[in-house]
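Just one chain follows, in the form predicted on its own, and it is written as structure tokens.
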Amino acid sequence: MDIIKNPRKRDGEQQLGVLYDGGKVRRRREWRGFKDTFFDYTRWLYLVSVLGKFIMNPYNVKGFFRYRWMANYLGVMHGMDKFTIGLRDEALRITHYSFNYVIADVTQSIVNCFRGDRRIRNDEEFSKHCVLTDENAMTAQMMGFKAEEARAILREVPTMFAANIFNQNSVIHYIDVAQQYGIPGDVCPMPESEAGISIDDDFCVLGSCAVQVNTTCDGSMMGNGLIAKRLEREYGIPTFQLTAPLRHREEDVQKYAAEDMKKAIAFIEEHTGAKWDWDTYFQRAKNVNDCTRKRMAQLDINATPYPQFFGAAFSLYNDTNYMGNCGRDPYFVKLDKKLLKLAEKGYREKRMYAREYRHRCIVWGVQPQYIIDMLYWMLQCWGVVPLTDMLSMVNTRMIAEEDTPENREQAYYDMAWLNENMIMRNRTHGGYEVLVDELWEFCEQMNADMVMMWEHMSCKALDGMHGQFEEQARERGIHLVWVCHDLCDPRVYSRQAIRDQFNSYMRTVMREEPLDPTIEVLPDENAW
């Protein structure tokens, strides 16, 4: 692609490496010019207020000292800094508004966990309306339940998923615990750490029932089996296994999937006492469609020479909105509108995230939690723009949103379809076409000349396609950068070892020099 240079003078830091001077994570805060530094400071105050309100609750303080994973959230402020490195103007605002609400959503999840937890507050009335929901599941089966009657509790999100973003070492203890109990070391560290948390008795115990899914991989089902047995045998919490067909693009499996969704809803009704409400469902279906339209509009802007909402914040925001929320929180509708308005303004004014754009990149594969901010680093260091990622290329269908007898039956098929197309499963299952062929279609649609392929060492589904990706990228003239990692465990590949793989490709294959050589190597191994 042609190199695009930022026509506007960028106030503030020109060499971001000064922030890491002396081996410290941050020597000081980034200077972005008065306007953007002031805005960044106000968002810092907002996060302080969110965390301050949280810690003022005595039950939350009790939970902080009961669960070891809570200490990871001391790194929230620095974690936010990593996501905004080098950003100005609309890019800074889009990233703050989106990721700040993700943080607020996770904070509320922790509050809900502690409220119902038998060890902390033990609010039995609240707990009996809670449904423990698998982190890897869409929450579509909750769309027709009013929040006061049945509430989804994704307790694995704060214990493993979000914690690993802020502290790269957050799950090491739990992985070791799981392996001490005989779980193999080559299992994906995500379900292994979740199983380890359960074995280590570090999960909140609440809820009238639980719903687990088969949507990711065999390792995930292994971990779910261990967790389910403990829930059922020790805590008396019955668990429903919601199974999505492997061949999710085939029409002949949809009836089975819809029937299983009906059974899951009936299971929740039986154990919570809640009743499915069609008015509630169809209002949330409208929210889901609005989310889908806004995400597609953002991707349309990203297909232009001036993309606006991309990188890790785009991925994590869509994960939270599309899968964890699934139309249930109306605030996401307002926030989607606000983010799209900012993106449209940035596009009109030709705003750029960095001084120079050299390559347009699709990020494919399962991305590592402990260095998910790398997408901003490769932009600032090498001018490679991460237009979108595999986990964001999800459902584009509109689901039925009008309450008619026909649409009530169609709703079960729609919820099943959403469940089959959760953020990871819709690419790692369903055959060769969804994982390989559609990648090249996205490259054409997004005008990408590069693919960064995350090679998760414990993910057998993607690793088996290595040769096919190489051969087809070569045929199409697309630069393919392989970057190995182990998802949650930094002991296999450290942060700098991951960056070095990208550095090596850019220097030896692309024959390029970094935009900002001061951040090619960062002393952040001991950083939050």
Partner chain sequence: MSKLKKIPLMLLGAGGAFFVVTFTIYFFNLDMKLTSKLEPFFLKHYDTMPRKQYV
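Definition used throughout: the rigid core is the maximal C-alpha set that superposes within 1.5 Å between two forms. What you see is a predicted model; the values in this text were computed from it and never measured. Residue numbers count along the first chain shown, from 1.
Not on display, but discussed next: the form predicted in complex with its partner chain.
S.K.: Tell me, please, which stretch of 265-273, 104-112, 221-229, 307-315 lies within 4.5 angstroms of its partner chain in the predicted complex when heavy atoms are compared?
M.R.: The contacting stretch here is 221-229.
S.K.: Tell me, out of 503, 37, 494, 472, which residue has a non-hydrogen atom within 4.5 angstroms of its partner chain in the predicted complex.
M.R.: Only one option qualifies, and that one is 37.
S.K.: Taking its partner chain in the predicted complex as the reference, which of 167, 133, 98, 421 has a non-hydrogen atom within 4.5 Å?
M.R.: Contact with its partner chain in the predicted complex is made by 167 alone.
S.K.: According to a 4.5 angstroms non-hydrogen atom cut-off, is residue 498 in contact with its partner chain in the predicted complex?
M.R.: No - in the predicted complex, heavy atoms of residue 498 and its partner chain never come within 4.5 Å of each other.
S.K.: May I ask you to state whether residue 146 is within 4.5 Å of its partner chain in the predicted complex, using heavy atom distances?
M.R.: So residue 146 does not count as contacting its partner chain.
S.K.: Can you work out whether residue 478 and its partner chain are in contact in the predicted complex, taking contact to mean some heavy atom pair no more than 4.5 Å apart?
M.R.: So residue 478 does not count as contacting its partner chain.
S.K.: In the predicted complex, does residue 296 have a heavy atom within 4.5 Å of its partner chain?
M.R.: The answer is no: residue 296 has no heavy atom within 4.5 Å of its partner chain.
S.K.: For the stretch 78-107, I need every residue with any heavy atom inside 4.5 Å of its partner chain in the predicted complex, listed N to C.
M.R.: In sequence order, 78, 81 come within 4.5 Å of the partner.
S.K.: If we fit on the core, is the Cα of residue 25 displaced 2 Å or more between the shown form and the other one?
M.R.: The answer is yes, as the C-alpha of residue 25 shifts between the shown form and the other one by 2 Å or more after core alignment.
S.K.: Did residue 12 and residue 24 drift closer or farther in the predicted complex, going by a CA distance change of 3 angstroms or more?
M.R.: Result: farther.
S.K.: At a change of 3 Å or more, would you call the C-alpha separation of residue 167 and residue 24 in the predicted complex closer or farther than in the form supplied?
M.R.: The answer is closer, because the C-alphas of residue 167 and residue 24 approach each other in the predicted complex by 3 Å or more.
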